[in-house]
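Only one chain is shown below, in structure tokens, and it's the form predicted alone.
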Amino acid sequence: MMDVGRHPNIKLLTCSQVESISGYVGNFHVRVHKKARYVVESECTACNDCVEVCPVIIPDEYQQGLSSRKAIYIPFPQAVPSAYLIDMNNCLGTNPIACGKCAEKCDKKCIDYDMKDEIIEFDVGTVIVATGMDVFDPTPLDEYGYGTYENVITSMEFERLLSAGGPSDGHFIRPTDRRKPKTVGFIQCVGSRCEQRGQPYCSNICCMNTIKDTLLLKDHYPDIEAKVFYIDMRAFGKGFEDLFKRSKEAGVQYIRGIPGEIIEDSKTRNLKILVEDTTANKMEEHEFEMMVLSVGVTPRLDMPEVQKLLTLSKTPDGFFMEAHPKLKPVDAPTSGVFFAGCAEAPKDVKDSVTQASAAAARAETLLAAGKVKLEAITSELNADLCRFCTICAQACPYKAITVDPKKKTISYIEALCKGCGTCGAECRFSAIKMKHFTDEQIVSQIDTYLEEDSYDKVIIFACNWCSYAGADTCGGARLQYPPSSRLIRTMCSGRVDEKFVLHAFRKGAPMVVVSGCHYVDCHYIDANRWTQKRVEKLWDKLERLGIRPERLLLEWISAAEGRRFAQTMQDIEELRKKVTKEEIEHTIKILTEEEEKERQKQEKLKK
């Protein structure tokens, strides 16, 4: 951080919060709320005189609440700028002045109670999201007694206790009696790999963090007995297995099993656990003077706000979703936005630095080019045909379209468009067309597939990124599925217009399938939500017309689910066989009549 503060080309805004980001790649406009420090940072010399006279004492967040700080403080060692700030939420008051001792003591007169918040606005070409992560709070896991038993601490609190700049000046002590413990236990996967009472995913860093902690403990205090209780140790990185071996050679015991409960002895304040050692296949009882809970990591609590600012997607585990896990691992779905660190997934320092370097390189490449290349699959807007109904603006996941129904105006920023086609499928006035995957191209594919033996064909609309790729995975794995399936690729399931489905039925298709990304994993943020709404309306319409809605299916299949694709196609084939020719002919007759009625209605409206 000190290097960042000294860099001539980096402007560091501390005590600041991004309020809004508008615009698009190369033309982002950022509005930042810079909060008042109430200390003139350019004048403050960090002499500490003001801290000595401040009467307010509150828990220090940086030290995990294990020590205290004053209302005027420096957030953490080596903070930039190296100047104090006043926590007005805990200050005794400035209006009217109820204390004022820090201002009286300051010889430089750099404390200004009248300092106001600022709004700073500027333009940037790219945005890098590096919001970090939060740590799981084990308080709800009452079986471990965190928050009840003082000698049960988290791995973060252990780090602070062992740090030279920590609350005990680097001396490892028990919170209850402030003496060095003789036995310490570590419990792994607290809040991780448990969907009911935590997070379902592995937090990536916990195993190696515990191994590092045990090595530090043994280096400083070789006589302390340390035991680690685990599900399995995941030492997957370069040199990680060597560290694991070093820890065991240093005398740390690793026991494969997770304790069910921690019980405190009221006299000695020692902690007892009962655990099943699955390696030895026996129950064991252990007693420790301290227990360390190796807590997992969680997405930042403010991620929803960041998601709205930049129109981002999230994966089911709550972290931000990249544009492509292999080809664009640091790119966000929104052009010009990149990810670094744990905003995208849990990772250690080495991986965070690697991703940060990649994000910086991607941003630099984009800025150096001076121009942005767009995919040739974007939408085309014909404003003359627009009726300003605002449906397209609501459907666009990237906010590329803005409509003002009162002023009868519509604007379209092509640089924001990703070509999902959802707007084109929702527009009822033909005001929006796609440059590729046009209506004519898709209808032509339907006609070609159903030109002969239409009764034996199943039309499947598959999104490019998941379902179509899932079919590719199925073929690559040489899995068998019925030859009746006829795939039509679209960039997104949101591109599948109602008229495509009805046209397929009108041409004699016994079954039609709309398939896309899993509901929470849409490549185009939330475009498949509109797919769901559209298909539900179609089910109602088919039922109203006397056509079995079961003949239209909606399936969510990912790129990795080749086997599921094959199984789904086999299930659909069984349903196809139950559709009779008489039912298909009846459907063709009904939809043809319905089409004629709609045509006559449109002609009357034109007249």
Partner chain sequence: MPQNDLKIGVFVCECGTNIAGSVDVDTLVEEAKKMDSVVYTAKNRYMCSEPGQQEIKKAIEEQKLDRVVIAACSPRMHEPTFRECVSAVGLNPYLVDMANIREQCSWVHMEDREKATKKAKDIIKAYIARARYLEPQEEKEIPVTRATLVIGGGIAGMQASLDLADAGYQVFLVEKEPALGGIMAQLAKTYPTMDCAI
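Positions refer to the first chain, counted from 1. Remember, it's a predicted structure, so these values are computed and weren't measured experimentally.
Not on display, but discussed next: the form predicted in complex with the partner chain.
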Whether Pro549 contacts the partner chain in the model of the complex should be assessed with a 4.5 Å heavy atom distance threshold; does it?
no
Can any non-hydrogen atom of Val30 be found within 4.5 angstroms of the partner chain in the model of the complex?
yes
So, Asp277 and the partner chain: in the model of the complex, are they within 4.5 Å at any heavy atom pair?
no
Would you check, heavy atoms only and a 4.5 Å threshold, whether Phe229 touches the partner chain in the model of the complex?
no
The partner chain isn't shown here, but in the model of the complex which of Gln253, Gln78, Ser411, Thr390 has a heavy atom within 4.5 Å of it?
Gln78
Selected contact from Lys406, Lys267, Lys326, Lys373, since only one has a non-hydrogen atom within 4.5 angstroms of the partner chain in the model of the complex:
Lys373
Looking at the partner chain in the model of the complex, do all three of Asp117, Phe319 and Ala383 come within 4.5 Å of it through at least one heavy atom?
no
Among 212-220, 105-113, 418-426, 174-182, the stretch whose residues bring a heavy atom within 4.5 Å of the partner chain in the model of the complex is 212-220
Sequence-ordered residues of 355-375 touching the partner chain in the model of the complex, heavy atom within 4.5 Å:
Ala356, Ser357, Ala360, Ala363, Glu364, Leu366, Leu367, Ala368, Ala369, Gly370, Lys371, Val372, Lys373, Leu374
